[in-house]
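One protein chain, two forms: both are listed below as structure tokens, the first as structure 1 and the second as structure 2.
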Structure 1
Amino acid sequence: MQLPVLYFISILLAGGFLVSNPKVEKRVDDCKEAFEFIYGEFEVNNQVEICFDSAGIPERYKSSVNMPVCDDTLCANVVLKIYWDLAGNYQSFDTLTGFPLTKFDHKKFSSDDYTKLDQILKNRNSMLRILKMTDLLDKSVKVQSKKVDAVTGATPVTIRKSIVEGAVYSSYTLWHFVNGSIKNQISNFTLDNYSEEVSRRMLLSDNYETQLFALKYFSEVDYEIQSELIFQVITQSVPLVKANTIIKMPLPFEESFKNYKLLSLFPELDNYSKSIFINRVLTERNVAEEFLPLILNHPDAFSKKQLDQINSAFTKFEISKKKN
């Protein structure tokens, strides 16, 4: 959303207009050099910078790219500023004034094209992952260029959703660049500079992959010490993160009010997370002993099938159904 707006503003600036838009926050990144990234295929060296918030806590990474995206004269170099989050997940891009992205025949990207490109780059399941460059053009259909005396192939229908039409190579190259090995290098850099604040920022990210990354490095004691943070994660994340937090958390908590607190979150939980929790109750005696009596306070939070499973756990672990 932010992106086309920025682009729009950059056009206005270039054209000598200035429109004040309260939605765009003026911000100067406080960044410093992080590492150099060599993107082999295009032999492009990119300086990757790490940027900090006003409190000096790492916030994101950025890199300016200027790369050729095709081997003919029909498209211009891609010049962009690209941002990743702390786990190396692509966040957004910015154009640089005077360097709009272009399509086939040097036609400029429309604002829809920018939005689409941003979505394409964010799609981790993009078909582009498994396609080869050679799959991108349907060589049987020739498209005549109006400006240059050349022909090129048309885009096969099956991949139209995965690319910006007329900018097949840019879509492809950028997807592989922003989602490729740079991701690991960024996350490794983050790990080398890890701190409680960084961990917290990642856990509360709105990118589930970033949250899962941080969970991986959350130690057993962290769960007990930072239980409030974990409850917050459980409350505000997508089911995949919620469930994986429940899978990983050492249970029961030593302090029983935390166990109460955890269970009080259940009515709002998704089905997957509930079933993961029930599975722990069914298979781990100490979890069953602590939570089974508490579960009785929340019968409405579980489906009939889940309640049957809960009942079977009472029997299995010979726990009395006395209400707490």
Structure 2
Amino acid sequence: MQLPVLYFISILLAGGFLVSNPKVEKRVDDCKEAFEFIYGEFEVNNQVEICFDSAGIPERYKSSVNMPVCDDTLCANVVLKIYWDLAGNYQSFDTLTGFPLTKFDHKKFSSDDYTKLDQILKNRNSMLRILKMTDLLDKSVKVQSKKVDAVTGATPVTIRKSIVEGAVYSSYTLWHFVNGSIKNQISNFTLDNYSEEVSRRMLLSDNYETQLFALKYFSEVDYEIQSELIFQVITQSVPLVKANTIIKMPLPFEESFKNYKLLSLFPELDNYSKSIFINRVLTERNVAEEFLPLILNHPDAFSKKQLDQINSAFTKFEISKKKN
């Protein structure tokens, strides 16, 4: 939800809270209900919506949540808008006007607290994934509330880097909410509404897990038809995605110019992806017959060790070294 300009300015002047991710595009989403998701011991029912861009192509999911995070008066409800991408990976959150997140004793989150919470939620490998609610407080150390008649335990030192200090229950509950089983429900809904446009959007994501999700459902025909998109992914993505793409693509391409284009990307690859590429083109005869003559025309792109492997493949498959 977009904050009114005057409200936003007044908050800045007062040194109040900011949303966790100021880069989130502020706009009115075109969304419709996707599914309902019941979460947590309090069985809060959350409606998840799928949102579309101006061309009507799905681009993300969102949910407006208002849920308790503990069973005593020390914890205020968490009220947020939360966003996931099409593979169910958490993207960001927005606060709602009048509903700042709070910590112990109802102290409002600072700007740094919002930033840290966003980083916590994006860490899929957080130690929060293996903790239980009972692990969150050290009952041997008592902390007295200054605002309510209550006493709680202190946060164990071992988990302080994994939570917003003073908001251990909010950190824990939100992490499990955004990274738990809702992720699978979102990805399944995406698959039920899959299209070439959705696949393309996911492949061009800046989240490598989302790219790998899309590659998982790429057919051999898709690689051939959308080769330019695949070449773009290989150029721009992380080593894991580059290597995975090279492993899965059906080589050689039917059209020779595509094989040449793939070879031209070799100098841009990381060392791991280069090794994967070399292995692909030297293992099968039909692939080697297509690529080895092309490689012979560009020997400077390869190391001495790689050229030795290539020369061995020429001999193994009895391929002529006559240049094209």
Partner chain sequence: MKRLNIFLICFFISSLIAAQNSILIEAESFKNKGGWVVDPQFVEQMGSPYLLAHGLGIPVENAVTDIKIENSGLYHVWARTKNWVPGNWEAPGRFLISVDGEKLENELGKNEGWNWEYAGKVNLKKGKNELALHDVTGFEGRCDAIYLSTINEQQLPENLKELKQWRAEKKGETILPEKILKYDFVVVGGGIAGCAASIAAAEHGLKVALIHDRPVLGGNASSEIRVHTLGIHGNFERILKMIDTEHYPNGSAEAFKDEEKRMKNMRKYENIDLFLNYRAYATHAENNSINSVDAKHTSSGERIRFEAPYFADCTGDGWIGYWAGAEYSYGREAASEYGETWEEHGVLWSPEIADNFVMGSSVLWGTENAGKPVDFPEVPWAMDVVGDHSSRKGEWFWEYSSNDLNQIDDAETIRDHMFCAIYGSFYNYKNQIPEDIHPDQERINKRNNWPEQLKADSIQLKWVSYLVGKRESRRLVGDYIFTFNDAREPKDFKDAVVFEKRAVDVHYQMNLVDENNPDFLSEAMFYNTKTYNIPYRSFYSKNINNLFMAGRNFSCSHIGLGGPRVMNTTGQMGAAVGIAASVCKKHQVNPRDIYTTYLDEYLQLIENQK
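What you are looking at is a predicted structure, and each value in this text was computed from that prediction instead of being measured. We call the rigid core the largest set of C-alpha positions that still match within 1.5 Å between the two forms. FYI, numbering is relative to structure 1, first residue = 1.
Trainee: Have a look at both and say which one is the form predicted alone.
Mentor: Form predicted alone: structure 2.
Trainee: On a core-based superposition, does T283 travel 2 Å or more at its Cα between structure 1 and structure 2?
Mentor: Yes; T283 is a residue whose C-alpha shifts (by 2 Å or more) between structure 1 and structure 2 when the cores are overlaid.
Trainee: For I310, what C-alpha shift in Å results between structure 1 and structure 2 following superposition on the rigid core?
Mentor: Its C-alpha moves by 3.6 Å once the cores are overlaid.
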